[in-house]
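Below you'll find only one chain, the form predicted on its own, shown as structure tokens.
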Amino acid sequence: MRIVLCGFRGTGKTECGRLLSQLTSLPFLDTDALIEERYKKAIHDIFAGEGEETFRDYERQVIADLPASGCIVGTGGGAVIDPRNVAALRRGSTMILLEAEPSAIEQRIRHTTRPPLTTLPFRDEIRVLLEERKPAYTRAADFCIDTTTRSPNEVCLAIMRILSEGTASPGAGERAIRFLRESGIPDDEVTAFEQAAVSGDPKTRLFAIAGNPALHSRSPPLFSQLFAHFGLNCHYTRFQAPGIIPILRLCHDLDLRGLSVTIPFKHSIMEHLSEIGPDAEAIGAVNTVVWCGGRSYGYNTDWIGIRDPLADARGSNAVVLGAGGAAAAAVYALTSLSMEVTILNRTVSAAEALAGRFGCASGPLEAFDRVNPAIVINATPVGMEPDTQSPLKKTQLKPAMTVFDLVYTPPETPLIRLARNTGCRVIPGTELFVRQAAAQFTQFTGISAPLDLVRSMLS
């Protein structure tokens, strides 16, 4: 067993780590102390003489050399900002985030000698750094504990309860099994969930995809492979229901760690979340939810899967076919690349409404030839199995165009086939799935999964 404590300075990592060491008879290893011991310098002197970048290099080396098991680890406040550190710390471990209100942190660390990391006044630095690091803290943790009003003894007892009992409500696992069976989830997946959530390790963290339907999703096998690859004690399943409320009730009872969200819940889930990321707010859809410390955080990673393959085409003129949720993510991605975007849709009023949100041009599908775009994104379902149509004719395509079809079943859609035969640069929808899934995995775990690894797991 390896328990890793992370969080900002003053949240109690060192004192709680020492107490946990006494309770478990496992040695306590403080990464800052290990850095000072290895490099024969105080942390203050490393910052003052060699700078923060050198300190982070030292920190990364020390974390990489930690024992794989049989210890309690206390990390520096900025350790989990680096995904490489997170991958090393999380492997085979239970990662616990200790949080506290800024005012409590200020009182606890006011008289320490640690050098400032900004030019801001002491109180402002705490608040600014907490806000900057909050996403990294939230992603990296398995469990979250607020230490603001708790003594170190109380925090340690809470950690010991988590380790022995988990955090799900009594009977939640059995209720979830009935839910899965009644919703038509395959028997082998129900059995795997039962082994993980009921008869298995209480420290196992649970994830799922929510949709109606959800049986077609490729996310469960992909995330299961990623969890295994990075040595994470996690299990991923499917929640399928006509409405989002029963699913969210189940997530609450199970203390779910993360949720992938697909049709038809990407918009309806938003009103039930504590915080919405600016990307999801602008797009009007959440496809990723993370729970930490009793709060739920909603994000959208679809647009990242659209933006990144087109990063080299910044400033181009683009056409988005469609005006639904996928189109909104596409428009958000393209505008982030300073592209001139025109939205074309069969129902022109829907195109006009979406264009109004983002300050884009709009029109009917027949206007495609007049626009003559460099970038074409199909955000309609045309071409999705069993449909064998293409939203564009071969005569409308030109070799200089880049054609991105967001449909990924089949991997080669009729539009992609036409575009490839015309000599266009083509980006299949599978690339969107790969990149948004990798971004979602980072939101779930704090680890950056290489794109080639994700592609290999989907092949």
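Numbering starts at 1 and runs along the sequence shown. Fair warning: this is a prediction, and the values are worked out from it, not measured in the lab.
Although it is not shown, the form predicted in complex with a small molecule is what the next lines describe.
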Residue among A197, V155, L256, A379 with a heavy atom within 4.5 Å of the small molecule in the predicted bound form: A379
Heavy atom within 4.5 Å of the small molecule in the predicted bound form - residue from R218, H252, R108, R346: R346
4.5 angstroms heavy atom contact with the small molecule in the predicted bound form for Y408: yes
4.5 angstroms heavy atom contact with the small molecule in the predicted bound form for A350: yes
K266: touches the small molecule in the predicted bound form, heavy atom cutoff 4.5 angstroms: yes
Any non-hydrogen atom of G166 within 4.5 angstroms of the small molecule in the predicted bound form: no
Stretch in contact, per heavy atom within 4.5 angstroms of the small molecule in the predicted bound form, of 64 to 72, 426 to 434, 48 to 56, 24 to 32: 426 to 434
